[in-house]
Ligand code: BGC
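The chain below stands alone and is given as structure tokens, in the form predicted on its own.
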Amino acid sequence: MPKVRIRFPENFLWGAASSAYQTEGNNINADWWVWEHSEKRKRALKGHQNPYDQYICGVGTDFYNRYEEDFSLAAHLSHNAVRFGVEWSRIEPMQGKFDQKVLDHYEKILQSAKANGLQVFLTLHHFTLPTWLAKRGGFTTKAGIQFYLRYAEIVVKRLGQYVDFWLTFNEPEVYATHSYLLGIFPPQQKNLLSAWRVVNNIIAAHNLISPKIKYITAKPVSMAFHLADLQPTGLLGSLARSFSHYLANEYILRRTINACDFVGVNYYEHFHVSILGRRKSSHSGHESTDLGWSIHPEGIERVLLNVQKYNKPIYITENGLADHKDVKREKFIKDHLYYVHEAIKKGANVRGYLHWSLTDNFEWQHGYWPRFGLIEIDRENMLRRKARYSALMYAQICKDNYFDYEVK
């Protein structure tokens, strides 16, 4: 097969992403921590093939204490950017009580990232809530907006000098549906009205905080949007796809884009949509990840070209796969980057790619068994870090800003 050289624009950002709760460990004042230790959760996990403690975040990857090691590894892998978050429940463990020692510690973490030559994407909300706020209804209430604005403004004023890109929320689409409609995340509601309120209150919160962040820091602001590639199939498939695409990919984006300086794209999956719903598999027989998610790199090009219409810079803030044997990750990365490059050739203003994730971490309701990390975490050996082969391949791309690709 012929090889082509895939070269990316000058000053392209390369790196990896993570979240606070999934890596820090011991966020005991978060609603997720309480839920993990609840009798309801224990009963639900009875009979699972993995031990119960695999579904408890516990010490995480101990990033809160080992951040210097992780940033050093990222720098040695030729990354020039990193995405991580701050944990609201650490910063405001009780309503109105902000922990200055925690803010001081986050300052040290950010200073370390900068010392390692990394541009920082900082996430303010990534699925978790302080327990006190969860008890009050979280973002199902208008009060949740005001609590978020107060928290975010304090963080921005305290830490803003070290942040290059702000992400106000991660995947509000997923957060609202999984927590308040599908009953997967805490508080495990199945209430359409609650989900609708959460979506619209998060939209309001973003639109209110974004100009404040810009005023305080003069740095770009956005969200990390979960955008899926949806393709029609079967009778009335085009109509079903249009409706699903609007709800899943457009509703929040359209209502927040004027308060976004760029578009953060999280891309994982491709679905075929009919009047009967969405299907993960398709007639083309995609490969799948360890979690059963279909691998469809062509879809990222369509997603990027769709958001091109907003005339904003685009950063891929998450893209990755569960692959514990590390047998698919190299091809996954190269295939997706090929289609990212195709989108760039067609006019999409893509300026960076952040792989999910830097290290193996706590993958929410799935626990620790899915392995997304470029860096392996040995949970049986003092959380020892080891770069996977795919990480070394990706490092070469990051260093060179190009790679050679076999075109099919």
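It should be emphasised that the depicted structure is a prediction, and the values quoted were computed from it without experimental measurement. Note that residue numbering follows the sequence shown and begins at 1.
The form predicted together with the named molecule exists for this protein as well; it is not shown, and the discussion that follows is about that form.
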Given the named molecule in the model of the complex, answer whether the residues 127, 171 and 318 all have a heavy atom inside 4.5 Å of it. yes
Answer range among 340 to 348, 362 to 370, 37 to 45, 66 to 74 for contact with the named molecule, defined in the model of the complex as heavy atoms within 4.5 Å: 362 to 370
Contacting member of 293, 262, 151, 132, with respect to the named molecule in the model of the complex [4.5 Å, heavy atom]: 293
Residue (of 162, 268, 271, 147) lying close to the named molecule in the model of the complex, criterion heavy atoms within 4.5 Å: 268
Would you check, heavy atoms only and a 4.5 Å threshold, whether residue 22 touches the named molecule in the model of the complex? yes
Is residue 356 a contact residue for the named molecule in the model of the complex, using a 4.5 Å heavy atom cut-off? yes
